[in-house]
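Listed next as structure tokens: two forms of one protein chain, kept apart as structure 1 and structure 2.
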Structure 1
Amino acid sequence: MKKKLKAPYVISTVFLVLALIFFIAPIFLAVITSFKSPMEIAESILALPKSLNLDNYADGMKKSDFLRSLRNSATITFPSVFLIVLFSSMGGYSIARNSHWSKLIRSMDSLYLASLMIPFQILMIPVYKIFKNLGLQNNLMGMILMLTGYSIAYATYLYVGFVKSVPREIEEAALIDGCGPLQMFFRIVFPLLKPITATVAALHVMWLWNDFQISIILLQRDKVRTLTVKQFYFFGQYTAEYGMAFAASIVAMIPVVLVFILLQKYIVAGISAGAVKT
């Protein structure tokens, strides 16, 4: 048994090392760049920084108004992700379980998928119009609304496929026990969707945190700007402060990476179908 495992294990290790190099090398460049002065970057991107200079971090955080932007980012991201997970898991569940009898529900799947093909550029002017008429520009609440709505389709689409892998027997058993639809979903189905929920949450925390194209048009005042938008202050029309930009973006990604590490434990080994049956 042990001998058998060896060859594939070696091959997979070789691939893994190659993949890790591919992924880590540019991250490494980003990290060392964040410690360099403009002149050091000009001389060589590859060389190690001469000293562990934290100026870029200090200046970058100051220039991006770090605490306020961080608060704005968090205020937008986390409630939106909560709403996305809540409503798209419900929607995904409904589509997965009911599309066999309802044409309308079946077409929702296609509608959501279709909406993912619409380029944002053609939505820009109307979205701006809606926000202007509702007085929602420069409003974090408005941004939550927008981002939630913009992400629902993708998240729901993701849930649909995965709900199908939840054995139906459990629900049937619960139904017999007199469980209502709401109870059924939140008490029984939702906990079984943990792996995909963790995935949806991790992805959307990352996406919303890093959103630029929507934020830049709807949040135009400094007071409501997010970390991601603020990072573009390091890029002028003719100048770019890459050291600071990398420093600020490395600091900005810490919360996202932390969330990812935390959520990982929910992407646990699959539910055992046998265990469910009993």
Structure 2
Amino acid sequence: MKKKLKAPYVISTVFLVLALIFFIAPIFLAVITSFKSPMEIAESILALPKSLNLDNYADGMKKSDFLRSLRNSATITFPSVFLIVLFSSMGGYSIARNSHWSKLIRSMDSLYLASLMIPFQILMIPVYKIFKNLGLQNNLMGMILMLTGYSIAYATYLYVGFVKSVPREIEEAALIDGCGPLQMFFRIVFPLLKPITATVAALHVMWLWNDFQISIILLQRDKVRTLTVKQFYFFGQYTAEYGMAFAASIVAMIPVVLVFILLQKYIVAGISAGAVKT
């Protein structure tokens, strides 16, 4: 029995090690490159730096106007995630609980899922024109509205599957005790949605913080640009400052890594539960 299990065990272990190397290698290269001088980068990408060159971090943060860009990214990301959680949880609850008596509501779940298949490249020009005509271009509030609207479909889809696993008897008992619909949702149901809420929040913090396509279209003034758009500053037509670019990107991803570490235990459980239809 041990001999039969040995080969699959070895194969799976080797596969996991190779996968780990595959995912860690880009991060390792980014870290060592951020400490190299331009001459060391030109000599070898894989070689370790001869000394820890912290000038890349200081110059990269200065050139990208790091504090302002960080504030813009935070101003856009966290309010958007709050609105996504608020509206998608209410929408997912309504669809899950009322789909049995209305074909229109029942079709909303499929409609949200179908909308995820539309690539943003198809929407780029209409979005640009609409937001420009409404005066919402180069406006952080307009960016929040765009990110919220664009992200609600997937979040709602996850909530629908999870709400179906919540027993209806809990809600009925709350209504009998005198709770109104909104009070019952926010005081009884919403706390039970903690796993999927943490999943939605963690995923969308990562996605919105790292957004580039929407930001480059709607935020074209320097004072409202986010950290991801500021990465353009390190690459010109004839030059590329890789050391500063990697240094700035490493510092920029620290908030997202911290959020992911805090909420990672909910992500897999929330996605698997939210994707189940009953």
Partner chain sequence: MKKRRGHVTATKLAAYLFLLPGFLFFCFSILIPFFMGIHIAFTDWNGINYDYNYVGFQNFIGMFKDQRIAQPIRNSLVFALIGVVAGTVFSLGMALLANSREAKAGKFVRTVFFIPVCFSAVLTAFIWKFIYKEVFFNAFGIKSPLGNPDWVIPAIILMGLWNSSGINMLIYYSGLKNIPTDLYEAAMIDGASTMQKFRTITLPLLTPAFSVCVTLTLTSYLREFAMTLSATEGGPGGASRTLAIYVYENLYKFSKAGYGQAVALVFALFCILLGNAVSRFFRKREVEM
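The term rigid core refers to the maximal set of C-alpha atoms that superpose within 1.5 Å between the two forms. For residue numbers, the reference is structure 1: its sequence is counted from 1. Treat the numbers as computed from the prediction; the structure is a model and nothing was measured.
In this comparison, the chain shown as structure 1 is the form predicted in complex with the partner chain.
Comparing the forms between structure 1 and structure 2, the C-alpha position of A240 differs by 2 angstroms or more, with the core used for superposition. Once you line up the core between structure 1 and structure 2, the Cα of L46 ends up 2 Å or more from where it was. Put the two forms on the same core and the Cα of F28 is off by 2 Å or more between structure 1 and structure 2. Relative to the superposed core, I261 has its Cα moved 2.9 Å between structure 1 and structure 2. CA movement of V14 between structure 1 and structure 2 equals 8.2 Å, with the two forms superposed on the rigid core.
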